[in-house]
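Coming up, as structure tokens: structure 1 and structure 2, two forms of one and the same protein chain.
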Structure 1
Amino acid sequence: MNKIELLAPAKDFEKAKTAIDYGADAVYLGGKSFSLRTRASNFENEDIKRIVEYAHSRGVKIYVTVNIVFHDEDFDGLKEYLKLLDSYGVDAVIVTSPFVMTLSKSVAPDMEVHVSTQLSSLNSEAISTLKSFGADRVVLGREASMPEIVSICSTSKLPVEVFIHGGMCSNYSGRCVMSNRMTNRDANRGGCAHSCRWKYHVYEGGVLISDPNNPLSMSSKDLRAVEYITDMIYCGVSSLKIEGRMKSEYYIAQVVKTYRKLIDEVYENLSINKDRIEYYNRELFKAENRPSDTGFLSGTADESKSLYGVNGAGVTHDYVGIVKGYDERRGLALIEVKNMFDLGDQLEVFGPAIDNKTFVNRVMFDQEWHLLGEAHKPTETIYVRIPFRVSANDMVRKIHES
């Protein structure tokens, strides 16, 4: 089996570096122009150049999104931008427009063209046609089931990329105009307001028919594809894609590391049993801020794959700090506080080279060596006694008995 690619998102340089350090084979990101997710920090041109150099020095590829749905006024500077990305050594652009596919191939022939999921490619005939426009890879629409993915891979004339984790659209991916109509923000040019995740009161004939204390939401659950990774490897999927260019550093680290370990275990053992699937799902739950499910992979996404009554969004505060240094002689880690934690909390450290080692927080000092009973100031750096060696950029989180 050819080794499948693990593709991670990043909204800025530090998130991209985290994805690389935690095991991504490739990272996709957006520049300041021509990219969806305009509310992400996104990369200045010089930052794209820097992250390409960092990634290539570690054998990792960089893909840049040029995936808005273009209107006539959107083309200014596009040709120059594609040439610039090519000069930086960007490995591929992710595009929606057939015109941009052919333009990129003409002005930057060494840079691959990957067709965005925004084009909703869901059959082999479409992929054949896209190849004629110069496409080198196709990202399938997130509406494909696992049997359909197997069938497409068996006949596709191009490598196939599949989403395995993250946010799902309640319409065909990216092809919704609710945001446009309700907020004047164009979802297909990077401005989606996620109107489907809002809460609504429902009226009929002027009479409220929904629960006034529990407004309606039509939000989709997030995608989580642990059960299908082995099948995707065996059927010939080329790349496994994680959604989340708006996500936090902690989310990127935990999700990338979990799928990295899962993929490597499948290649080592040629399969994975039910207990290990449950283990990897539990690991992903640690970064979850919205309930997740298998989406369309298991077939039609019925009402069980949606969130009604609540939008499901929530922020976990279990991530409490990041390691900035470690004094091995005294067993003290310098921690930058991210969320509040206390003496007596059971904490867990994970990182690129450490797997879920736990300890009870028994000693903390501030920078003046005063004993602390709690850490409650975000961005403050404190000392925490950790009874095993940790490294800079390892992450610390609370764990719970349940």
Structure 2
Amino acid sequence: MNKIELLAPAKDFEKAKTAIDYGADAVYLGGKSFSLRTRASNFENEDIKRIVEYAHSRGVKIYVTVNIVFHDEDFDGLKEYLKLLDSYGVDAVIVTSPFVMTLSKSVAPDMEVHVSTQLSSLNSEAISTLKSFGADRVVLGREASMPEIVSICSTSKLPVEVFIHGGMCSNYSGRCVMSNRMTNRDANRGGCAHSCRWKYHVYEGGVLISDPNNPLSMSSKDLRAVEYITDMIYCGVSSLKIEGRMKSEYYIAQVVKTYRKLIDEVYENLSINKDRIEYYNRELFKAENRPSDTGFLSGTADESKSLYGVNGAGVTHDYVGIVKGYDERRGLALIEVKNMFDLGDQLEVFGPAIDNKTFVNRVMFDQEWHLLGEAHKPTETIYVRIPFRVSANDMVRKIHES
């Protein structure tokens, strides 16, 4: 049995590297053109080439999004771009347009074509249709429940990819043009203004029926699928996808590492118990600042899966620094400050090879060996005494008192 793939997002070269170092089997990213999340797409062509080399040297795959809903004016340069990606060794393109599927197959036959969630594929028949269009893999719509995913996988003619974590459209992806009407920004070409998250008064026959102080919002909680990973592995899902091409390095590291450990544990023990599920959920809360839930995986998305007047759930941990080096003899770590922390704070280190080791911050120095009581200057590099071995690129976070 092929091991299920853990697929992570990346906004730029550094974040892709982080995703790979923390255990992603594949990374998806957008180039400068033809990709949704235009602001998140920071990969120059040269960076795509570099990350493919880095990824392939570690057995990791790279997928590139070419997933805008094309208008006639958008096709210029597409053929050359697909050929270029193919020449870099990109493993797959993620597309929405059937024309682009066939074009990619004809000019870049070595690259797989994965169908974007923008097509809201929710049944095995849609997958059969997409196979006949030349697709190699289909990303399911986020409206599918776990029993539906099981059933789809049992008859699907193509490998199936499922979202397991991150933000979600509250409408069917690709079928929402609220932003187009409300702000003239095309949601399907990277311009979504998140109009679904705004506040709306509700009228019936002209009479206000909503609470004027607590209007309706269509905002959805983020997805968090820890309790469904075992089922997804058993039913034959091919790839587990994390959303978040806008997210920080810290978020990517924490979320990827958590799901990596979870997947490996399921393969090792064939199941995971309730305590471990809770443990993994707690791990994800260290990265998450939006409330999250199981979305449609647990059936209907009722009011408990929606957000009303809530912006954040409050993180349990703050990312405060990244390790640049470690002097084992002195027990001192060189740390680049990312966010403020103080003497006496309880800190936790995690990294590709270290798993949540905590210590109390008792001694820190600046580069001139002056004792510090606080680290309040982001990007400053300081020394922190850490009573265990850490490595470059490990991350340090502050544990909030509960």
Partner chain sequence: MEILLTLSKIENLPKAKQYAADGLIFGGKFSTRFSYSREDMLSINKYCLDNGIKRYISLDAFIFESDKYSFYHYFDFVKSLKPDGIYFSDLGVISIAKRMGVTDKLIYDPDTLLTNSLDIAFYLKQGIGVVMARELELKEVLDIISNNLDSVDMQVFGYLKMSSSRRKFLSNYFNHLGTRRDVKGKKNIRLVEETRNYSLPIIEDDFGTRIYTDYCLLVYRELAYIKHVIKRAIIDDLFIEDNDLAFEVIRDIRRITPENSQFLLDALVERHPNVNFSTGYLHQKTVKTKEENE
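All residue numbers here follow the sequence of structure 1, with the first residue given the number 1. These figures come from a predicted structure and were not determined experimentally. Throughout, rigid core stands for the largest set of C-alpha atoms superposing within 1.5 Å between the two forms.
As for origin, structure 1 is the form predicted on its own and structure 2 is not. Core-aligned CA deviation for H201 between structures 1 and 2: 2 Å or greater.
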